[in-house]
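Presented below, as structure tokens, is a lone chain in the form predicted on its own.
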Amino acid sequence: MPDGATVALGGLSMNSAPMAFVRELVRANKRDLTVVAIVAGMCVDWLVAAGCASRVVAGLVSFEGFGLAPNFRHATQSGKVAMEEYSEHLLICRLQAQARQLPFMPTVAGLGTDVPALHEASGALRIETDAATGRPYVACTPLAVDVAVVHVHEADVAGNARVNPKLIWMDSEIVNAAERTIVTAERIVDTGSFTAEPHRTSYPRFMVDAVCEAPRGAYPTSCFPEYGHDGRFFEDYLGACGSPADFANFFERRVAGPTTWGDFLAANDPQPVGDGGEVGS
């Protein structure tokens, strides 16, 4: 992934974020990334803390019950990182316009709020009036995405990918909008399991450009229903944010420093799975 790319991250604030891949972006010292995340948390905070992201396009970035994402908050408040804020639905509409190659996707979401005015200058959103009915709507223009990265439960070597038991969040929106898609998977399974039950495939192989095996690859977020988020890690992370020196030490020792994903899990995870190998960036 080149510096300056627009990368869209799947998952939610606390579930199925592609953390193994994000850690490799940190270790590769990527710069000037635009990060698109409909709802996100720790993955964005890592990229901001490491200086990888210069712009964030999102509906929400938080640690949910653990509080705000501290590095993201400080960077956006200081102006070090630009924040482009939408409601979840408005952002989804921009991604849908990109996926369908339409000039805009209409919605009534956002009418009566301050959000459309935030984007008047850029043209990302604009309020228009339907000529037939006279009703106003918000026109959401396409949001270009270079690479989407999503985490799944299972994938095969051909690129078929599956979320168990069912995809219920918004990762499909970023996959449909992106030029390329990278999948990280808890495990690689035989292609026969996909051909036997094609209706369970979340992303068929023609939508996927690369697959990386990453056991517990969403850690420290959860990968429901297989494992939950690690509250202890979130507490330790937030505790280290009290001073720049403490956080720098924590981030190097427990996030960026371990050589392999297996080493990272061994340094942090109460449920190690052995050497998870390398996750490519």
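Just so it is clear, the model here is predicted, and its values are computed rather than measured. Position 1 is the first residue in the sequence shown; the rest follow in order.
The next section is about a form of this same protein that is not shown, the form predicted in complex with another copy of the chain.
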Any non-hydrogen atom of R126 within 4.5 angstroms of another copy of the chain in the model of the complex | yes
With heavy atoms only and a cut-off of 4.5 Å, decide whether M105 touches another copy of the chain in the model of the complex.
-> yes
Touches another copy of the chain in the model of the complex: A196 (any heavy atom, 4.5 Å) = yes
Are any of the heavy atoms in D130 no more than 4.5 Å from a heavy atom of another copy of the chain in the model of the complex?
-> yes
